[in-house]
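Only one chain comes next, encoded as structure tokens, the form predicted on its own.
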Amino acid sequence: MDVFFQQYFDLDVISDNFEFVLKGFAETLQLAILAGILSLVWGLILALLRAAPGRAFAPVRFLSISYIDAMRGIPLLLVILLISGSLPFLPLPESLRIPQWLGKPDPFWYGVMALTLTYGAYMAEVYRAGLDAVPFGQVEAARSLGMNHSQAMRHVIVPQAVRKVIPPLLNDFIALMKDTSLVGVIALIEVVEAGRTVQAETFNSSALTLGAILFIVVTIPLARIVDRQISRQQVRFQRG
């Protein structure tokens, strides 16, 4: 038992490397927040494109459905490797091929791109479920007031749909945050890669344990927020 605690809960290793691991976790949080915001926007765009009405928008619906199905079927790790391994060699301006925006290294932005492209597809399906959950009478009421399809979606349907899907969107954000650890394969020093670096130097896994604790500190409160949102929705529906 002493060997177990020494391997995973060595306070000396944790204290000596706490600042390094915490810096990696700060990188993880920045990556998750930025990619999460972009995924929310990109997912909503995809959902609206998929819901575009009329025969003229059939190609748009086909492309959006194909994209969503493809990105949900490809592992995120492959998307990260494809972007980081091909984008630098495409005939694009260097600021796009090797982005260094806001002082962040290019692996950070490759990770943001991969997470946004992948989780945008997942969130698009969540938004679609929310759009389908809005009663069709709401659309008819908006059209009876003289709104066209775009105005009805903007002012009536989308606000109701977003309120309905906040809990699953938060669940997707929790999953996205955990998947930021995959960006470590392209040499971004996030919390898991920081822990692995310490593990390779000390032959001790306590730094990885510290990283796991930091994840729990953030994800458990988010999970409780999800539970609270679900409870509120259930109470609202029961009253209705």
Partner chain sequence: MVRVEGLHKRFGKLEVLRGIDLDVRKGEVVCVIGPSGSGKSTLLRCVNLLEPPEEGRILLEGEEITGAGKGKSDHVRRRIGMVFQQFNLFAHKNAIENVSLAQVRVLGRSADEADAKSRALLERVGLSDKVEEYPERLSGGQQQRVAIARALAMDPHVMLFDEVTSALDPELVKEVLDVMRELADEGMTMIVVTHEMGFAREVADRVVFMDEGVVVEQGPPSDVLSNPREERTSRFLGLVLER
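Numbering follows the first chain given and starts at 1. A quick note: this is a predicted structure, and the numbers were derived from the prediction, not measured.
Beyond the structure shown, there is the form predicted together with the partner chain, which is absent from this document and is the topic of what follows.
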Might Pro159 be said to contact the partner chain in the model of the complex, defining contact as any heavy atom within 4.5 Å?
yes
Decide whether Ile98 counts as a contact residue for the partner chain in the model of the complex under a heavy atom distance cut-off of 4.5 Å.
no
Can you check whether Asn148 is within 4.5 Å of the partner chain in the model of the complex, heavy atom basis?
yes
Check whether Leu169 has any heavy atom within 4.5 Å of a heavy atom of the partner chain in the model of the complex, and answer yes or no.
no
Taking the partner as it appears in the model of the complex, which of 151-159, 124-132, 75-83, 108-116 has residues with heavy atoms within 4.5 Å of the partner chain?
151-159
Heavy atom within 4.5 Å of the partner chain in the model of the complex: which of Leu87, Met71, Val165, Ala142 fits that? Just give me the one.
Ala142
Those residues of 22-55 which, in the model of the complex, come within 4.5 Å of the partner chain by heavy atom:
Pro53
